[in-house]
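We begin with a single chain expressed as structure tokens, specifically the form predicted alone.
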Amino acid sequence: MALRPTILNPLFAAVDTLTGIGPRIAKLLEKVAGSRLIDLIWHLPNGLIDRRFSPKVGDAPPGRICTLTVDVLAHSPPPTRNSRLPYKVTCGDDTGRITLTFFHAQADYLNQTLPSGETRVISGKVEVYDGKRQMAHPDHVVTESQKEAIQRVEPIYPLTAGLSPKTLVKAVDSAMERLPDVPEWLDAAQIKRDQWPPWKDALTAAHHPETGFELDATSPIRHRLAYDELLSNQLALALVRVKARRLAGRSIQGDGQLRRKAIEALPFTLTGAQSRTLAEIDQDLADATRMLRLLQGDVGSGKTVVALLTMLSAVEAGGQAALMVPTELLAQQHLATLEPLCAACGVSIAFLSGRIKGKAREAVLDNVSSGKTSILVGTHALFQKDVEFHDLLIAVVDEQHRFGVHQRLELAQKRRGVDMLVMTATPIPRTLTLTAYGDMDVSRLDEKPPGRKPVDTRLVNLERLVETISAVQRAIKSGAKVYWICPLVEESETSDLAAAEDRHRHLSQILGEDNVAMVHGRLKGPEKDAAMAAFAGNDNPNGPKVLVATTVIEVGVDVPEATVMIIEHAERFGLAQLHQLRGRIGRGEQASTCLLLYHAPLTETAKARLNTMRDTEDGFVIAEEDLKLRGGGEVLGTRQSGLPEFRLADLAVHGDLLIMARDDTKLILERDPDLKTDRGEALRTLLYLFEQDAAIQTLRSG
């Protein structure tokens, strides 16, 4: 795509280009909204103050915001020996008096702002103290000529410490003055049907709400703005998909021999969901265009087996396959699962990570480049420049959100048109799947392999901590291993770590130091791997039986002997996180128990969350419930999950608009695939406005 349309350039200027915004304020604005004018424009108010009510002083009701026209009668500074008392200014009109109180006030400033004998307009909350009306720190003090400017409905914005509402409102208003007139990108019939205002009018109204309804996500103003954002998302994904599909792939059709041998070597039969998914993948592989498929599988649903059977198709067709995993520990676990199955069907498999150096590395690379190695499993080391495949046909990426887009691109570009299968163990609600993977076909593994026992989940009040520790003692005596997850303390890694250290110390005193290990986010990779390996290993009968951890326990870490999961202060965790943590147990033949320790009393939301965990193990049900309870911005911790964050749309409310945007996108690209018509040009402006230009170039591995 061409450079950004010049009409939009003013919106991408830095906030410090606004008059009166110095480095300190710019930093605060960046913290609350972002560093550019467009960020201020997307920073919508979440409340309002109506300052239009303007009674006489004697009629001003307590507890209400009033805008009063008063005469300044007298100043009463606090005595010099007791500056903690407030500075008072007495004001009034012909119906009564009101005292303005200021703490830590500067006398010069107040005498200048409220000169005795003059008339001023004040606005703020009226209160009654000692039978007399007063107003503490009025929000506005202006002259009569400025009354109209403050006697209005005032938006309330989300703030940050050190930034005053007045400064933020002024900055947003200044940014809004630079809004250009843009061509309309929505269909005229749609605008008429939904009674939506033009884009610029909608934004102006959103920043100057007259009623509470205009703040609501379902109001026509907010609907229009949310739809614009969702349409830009769907259009960007669809354009990327078209581009990716144009990349010639190769029709991959094996004879099924290797796959049959691997299936015979499995200790279980494939689930219906696995068979269905493999049929979908086979269809993609046989097609001459590239496969771009997302495989969503709940914890323990058998994604690794599907990945292997997919990769064997590449080997049957005379090519190679690669499996990329985010951490060395997970890569080694995948290798341990795959090696015996590859041996059963006579396929060579190798492992590569950043830690393999020297001659060992050279040997792996030689075998890969000569084609001796058919399947390569590894970490991000797979996409480094010195890794050359003989004929890479299929690339599988596990826990795809842990990799940057560029890393996936580099693996896919090892050979033009490589078929891609990306996998995630994080169940994603259908609406969120559309926003993040609208360019991919999606398969779901929604059944667990036979023989998997359900996890018994119980809610336990933290007051029963002593009983809980006794239960842990009994469990480890019977040979079980136990995860003990420590609470999230807001967003603070140091507090989380302190909580884990305290619990580690406490449990070590009761259960014995050798029995209790700990992992946390500050440990370096090798130290973390060593602690996890000591807990997972069966070769040392005296190794740790309890692992105290913050939430760094990796998705996919497999310790079949771990049958107890204790999550302390479970009410502080999101549903998706609780589900992922619980997925660490219930992986062996033994019955497993998850105890959710909570601190009473619980909020209604926390109660709903914990009850959902107790009542179901279906990750997809949990993900949908999470979306309902927390909204699209929070669900699954989008910052960590690689899902897009929306500024104006809330998927918990605007899911129907997303479906509408997807359908609109299909029509647009059928009629105007290169966006060359007048509407197409306007839609290009929309893509740049929501910064989808970068997404169009690199969003997907295509």
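The first residue of the shown sequence is 1; numbering continues from there. No experiment lies behind these values; they were computed from the predicted model shown.
Below, we turn to the form predicted in complex with ligand ADP, even though it does not appear here.
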item	value
Ligand ADP contact in the predicted complex: S592, any heavy atom under 4.5 Å	no
H579: touches ligand ADP in the predicted complex, heavy atom cutoff 4.5 angstroms	no
4.5 angstroms heavy atom contact with ligand ADP in the predicted complex for R452	yes
Proximity of S301 to ligand ADP in the predicted complex, heavy atoms at 4.5 Å	yes
Stretch in contact, per heavy atom within 4.5 angstroms of ligand ADP in the predicted complex, of 267-275, 187-195, 345-353, 98-106	267-275
Selected contact from R241, R587, H223, R250, since only one has a non-hydrogen atom within 4.5 angstroms of ligand ADP in the predicted complex	R587
Contact residue in the predicted complex, from E214, E280, D558, E339 (heavy atom within 4.5 Å of ligand ADP)	D558
